[in-house]
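Before any questions on how it binds or moves, here is one chain, the form predicted on its own, in structure tokens.
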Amino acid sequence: MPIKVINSGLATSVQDLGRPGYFHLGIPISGAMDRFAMRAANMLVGNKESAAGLEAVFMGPTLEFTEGTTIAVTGGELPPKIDGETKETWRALSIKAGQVLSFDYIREGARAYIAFAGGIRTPKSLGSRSTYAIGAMGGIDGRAIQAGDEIPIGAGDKTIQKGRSIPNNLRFSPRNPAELRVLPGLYWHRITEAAGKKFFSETWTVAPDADRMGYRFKGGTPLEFVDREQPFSAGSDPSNITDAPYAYGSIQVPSGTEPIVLHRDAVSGGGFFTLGTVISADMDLIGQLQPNVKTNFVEVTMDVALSARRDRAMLLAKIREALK
């Protein structure tokens, strides 16, 4: 069945869990900025966790349904409304043919995820329906949704009951100030010891230019670099290096002033040094940070990073168990 787009909201796009395996070719993973929320929404409506849904940023879309189905909204607190009546998030909701889904203003976080029983069935590109707008891949004609679009939806699980929800203690939301755990990287030696200590001790602020490619942070002390002779082919700025690959979650600091955490649609390499990498368990959190949110970077070890990844996997397992 198709869903009619009356209003697209703000930067609303089709996303699933992304297209891994092409980073070495310069094609990023893309997919939901908050994978945890996307998985949870799909679980609520009986989909595979990898099914495609919608990612809405700050403002939700307005959608008209041509057939009845089950939906769920998770992630940032963007209350859904069915024919104007406000409903709960993190809960399976029944919607009938002819009804209209819209949204109230966002209360917390930055991105909401809308799952539909049966999942969005747009054509796949390199194994994923995720929208990568810069590369015109996935989604609807390689772009975010627009008014007038019709979004195809698959046949959903008819046994899913409306009203089932994910308990509050199994939901994930950002703290204020936020904390992002970081593994120092290969180029940590490029900054002085004092600069490294300041980076972790100071509070940074999410800048307005934060999107699917990366989040910029401002307000900290500019980094001090260790003197050296620039290598052949590197730029003249002390933050420049001979081009190198970027790990997902890498933190680059152009000119040593404002850190940028590279996210789902970021490039796979370039000529800026990276001082470390945000651990995988905290990447979902970044996608829920609003501009001007205070943020602390916290240095951790590999053991802590692996433990945090296990904890996140256990949280998802508890949701699966709770929804049985």
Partner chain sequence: MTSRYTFGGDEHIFVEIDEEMSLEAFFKSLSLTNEIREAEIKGVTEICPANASYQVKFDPDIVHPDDLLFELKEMEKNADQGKTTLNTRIIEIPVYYRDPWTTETLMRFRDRHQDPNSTDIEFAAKINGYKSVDAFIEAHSGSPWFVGMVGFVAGLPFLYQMVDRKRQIQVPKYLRPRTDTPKQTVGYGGSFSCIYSVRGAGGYQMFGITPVTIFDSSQHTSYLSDFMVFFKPGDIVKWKPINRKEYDQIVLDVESGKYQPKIENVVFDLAAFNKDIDGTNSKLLETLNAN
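Quick caveat: nothing in here was measured; it's all calculated off a predicted structure. Residue numbers count along the first chain shown, from 1.
Unshown form predicted together with its partner chain; subsequent notes refer to it.
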Can you check 195-203, 68-76, 125-133, 161-169 and let me know which stretch has heavy atoms within 4.5 Å of its partner chain in the predicted complex? 125-133
In the predicted complex, does residue 256 come within 4.5 Å of its partner chain, counting heavy atoms only? no
Contact label in the predicted complex: residue 243 to its partner chain, heavy atom within 4.5 Å: yes
May I ask you to state whether residue 220 is within 4.5 Å of its partner chain in the predicted complex, using heavy atom distances? no
So, residue 107 and its partner chain: in the predicted complex, are they within 4.5 Å at any heavy atom pair? no
Whether 186, 247 and 277 all lie within 4.5 angstroms of its partner chain in the predicted complex by heavy atom: yes
Using the arrangement in the predicted complex, list in sequence order the residues of 69-100 with any heavy atom within 4.5 angstroms of its partner chain. none
